[in-house]
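What follows is one chain in structure tokens, specifically the form predicted alone.
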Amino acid sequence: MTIKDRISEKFSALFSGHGAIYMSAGRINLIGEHTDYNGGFVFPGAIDKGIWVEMKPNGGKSARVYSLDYGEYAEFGMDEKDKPSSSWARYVFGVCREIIKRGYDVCGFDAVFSGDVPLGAGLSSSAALESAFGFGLNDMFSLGIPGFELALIGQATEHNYCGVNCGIMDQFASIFGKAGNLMRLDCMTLEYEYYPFAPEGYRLVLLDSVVKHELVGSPYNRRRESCERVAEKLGRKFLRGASMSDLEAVRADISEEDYKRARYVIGEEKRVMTVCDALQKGDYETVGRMMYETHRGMRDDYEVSCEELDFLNNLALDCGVTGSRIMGGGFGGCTINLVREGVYHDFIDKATVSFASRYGHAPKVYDVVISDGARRIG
């Protein structure tokens, strides 16, 4: 039974009848990690894994929502005082509240949702959830909210209801994803450009360490604060556009930790632009080298890797994988790997056996295809 079928079956059992079905994608980011909140560039794409939701108006003033994956039900009103206690329901509530804050009306509705984007793997399941509900509510109630605003609504939900000071990349990719294309997004201006991505002879594969990260609290926020301190010292709003010589000029006035965080971000901005040029030339070997450099920077300067992810990255290098790095905020999750067809099976076999031997469980393997973002599917 497909996810769509399971959702429809549960929806009918809980609420009778059927509603409209919406889907929004998780995302990969080929290059450009922790650059979004620094005003830089990122290079994401939507994938063929995400969140599905069936919903319909219920004629009342409350939302009644069931999560198939958690096996939990939540019911809440639309006022600030009605915030639900369960963390997954706060994402849905937050989307409703952020839409209402912008002057739109959200009436009561019933919904059931589920997904196949792995939780805690760096594929932005939260943005997929926010975008699926945001897109669905916009369509169902004919609100007329532009796509950019839907992405900002998802981001504001993270900030105001979930305690994560995220950038805009995840929600943007979930809304604007296009099959067979990656997007270079300027996180300062929100200008974007599609880049065709269908490399012949290569696969994109994610290896999930099954180490779960929790960003609330938060080592993520502390790194953002480091970048903000250095940007202020440089007389900038963001680190975007700063050079290594700029950073060296203020090194004596900042902590060593803040210096390392900024060094990573400045280098990552340059790597994104190098990858753009390489893709235009079909030069996937250069793309791969930049991915390995990003991993080293996230490991040594941004310090968001972990032993399991470093193990997978080193194994990829030993197996001749073209490119490999941590993907997502870090502290667990996946590596993203650009793998030539000729080494794919050897790499997966060795990664599965070696990782299981060392850590007691095999990594989960996800081949991903670049797909469309938020849309109505039924």
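When you see a residue number, it is the position in the sequence shown, counting from 1. Please read all numbers here as calculations on a predicted model, not as lab measurements.
Just so it is clear, the following notes concern the form predicted together with a small molecule, a form of the same protein that is not shown.
field: Location of the small molecule contact in the model of the complex, chosen stretch of 340 to 348, 56 to 64, 305 to 313, 323 to 331 [non-hydrogen atom, 4.5 Å]
entry: Stretch 323 to 331 is the one.
message: Is G32 near the small molecule? Define near as a heavy atom within 4.5 Å, in the model of the complex.
response: It does: once the small molecule is placed as it appears in the model of the complex, G32 has a heavy atom within 4.5 Å of it.
query: Heavy atom to heavy atom, is M169 within 4.5 Å of the small molecule in the model of the complex?
result: Although the small molecule is absent here, M169 would touch it in the model of the complex, with heavy atoms inside 4.5 Å.
message: When the contact criterion is heavy atoms within 4.5 Å, does Y37 count as touching the small molecule in the model of the complex?
response: Judged by the heavy-atom cut-off of 4.5 Å, Y37 is in contact with the small molecule in the model of the complex.
query: Can F176 be called a contact residue for the small molecule in the model of the complex at 4.5 Å between heavy atoms?
result: Taking the distances in the model of the complex, the answer for F176 is no, it never comes within 4.5 Å of the small molecule.
query: Here the chain is shown alone; which of F135, Y220, F109, F93 has a heavy atom within 4.5 Å of the small molecule in the model of the complex?
result: After the contact test, the surviving option is Y220.
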